[in-house]
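Have a look below at one chain only, the form predicted on its own, in structure tokens format.
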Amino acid sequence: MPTAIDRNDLRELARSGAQLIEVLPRQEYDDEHLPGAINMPLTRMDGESGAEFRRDVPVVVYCQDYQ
């Protein structure tokens, strides 16, 4: 179930081994991403992409956007 989190929540989740998924295009991921994050562009996500995630830890999907 999607849940909004703040920076402190993210830090705690990352410390506890959560999977960090950056959904921006590869070039933007290469420019800057959170330590340990994997890249899965939003355009690549579909009904089967969730099979790539571990089910025993939280998954944090994020997009860095500075608009």
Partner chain sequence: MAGKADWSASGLPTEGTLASVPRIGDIARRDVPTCMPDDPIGDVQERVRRLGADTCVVVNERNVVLGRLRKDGLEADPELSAQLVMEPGPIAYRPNEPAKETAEYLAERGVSNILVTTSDGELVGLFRRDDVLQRSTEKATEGKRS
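Quantities reported herein were computed from a predicted structural model and do not represent experimental measurements. Numbering follows the first chain given and starts at 1.
In what follows, reference is made to the form predicted together with the partner chain, a form of this protein that is not presented.
Whether M40, D46 and A51 jointly form a contact site for the partner chain in the predicted complex is the question; each needs a heavy atom within 4.5 Å.
Not one of the three qualifies.
Quick one: is R55 in contact with the partner chain in the predicted complex, heavy atoms, 4.5 Å cut-off?
No, no contact at 4.5 Å.
Taking any heavy atom pair closer than or equal to 4.5 Å as contact, tell me whether L10 reaches the partner chain in the predicted complex.
Contact check for L10: yes, within 4.5 Å of the partner chain in the predicted complex.
Heavy atoms within 4.5 Å of the partner chain in the predicted complex: does L24 have any?
Close contact exists here: in the predicted complex, L24 approaches the partner chain to within 4.5 Å, heavy atoms only.
At a 4.5 angstroms cut-off on non-hydrogen atoms, which residues of 43 to 60 are near the partner chain in the predicted complex? List them in order.
The stretch touches the partner through V60 alone.
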